[in-house]
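Only one chain comes next, encoded as structure tokens, the form predicted alone.
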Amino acid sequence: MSITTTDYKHCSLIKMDGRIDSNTGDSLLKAFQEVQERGTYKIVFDMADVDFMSSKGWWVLIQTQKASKRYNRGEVVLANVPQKILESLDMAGMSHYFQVFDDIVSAVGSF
């Protein structure tokens, strides 16, 4: 598992690979919080290399989304979401909570 952060002019891009579960969720939450503590609330989460997402992972994304949207500061958008994870997002009824983009360029450009 590795987490990388890239800062752009209007947003930050966070990319993670591997599984997002109870063992790795706290590391991902910490990465999101570090970006927000620097004052960036427009975040693109690149999920191209994520192969599993547990409820802990969804909890991390929801908490980050709430913090980003507070006071209309920004939001978290998802890019390159694998089909099986996209299906779980739909089944959990959370597809309306996140904007989903097919690639990073479109996601970053949305800000």
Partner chain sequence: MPTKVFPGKYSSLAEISDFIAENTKLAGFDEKETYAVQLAVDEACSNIIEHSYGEELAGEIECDCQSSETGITIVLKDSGKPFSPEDVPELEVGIPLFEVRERGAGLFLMKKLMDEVQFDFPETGGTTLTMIKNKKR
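Positions refer to the first chain, counted from 1. Being a predicted model, the structure only gives us computed values, none of them experimental.
Keep in mind the form predicted in complex with its partner chain is missing from the figure; the text below concerns it.
Contact check for D102: every heavy atom lies farther than 4.5 Å from its partner chain in the predicted bound form. In the predicted bound form, its partner chain sits within 4.5 Å of a heavy atom belonging to N23. A residue is said to contact a partner when one of its heavy atoms sits within 4.5 Å of a partner heavy atom; D49 fails this definition for its partner chain in the predicted bound form, lying far away.
With a 4.5 Å cutoff on heavy atoms, Y41 does not count as touching its partner chain in the predicted bound form; it lies far away. Residues of 86-111 placing a heavy atom within 4.5 Å of its partner chain in the predicted bound form, in sequence order: E87, S88, M91, A92, G93, M94, Y97.
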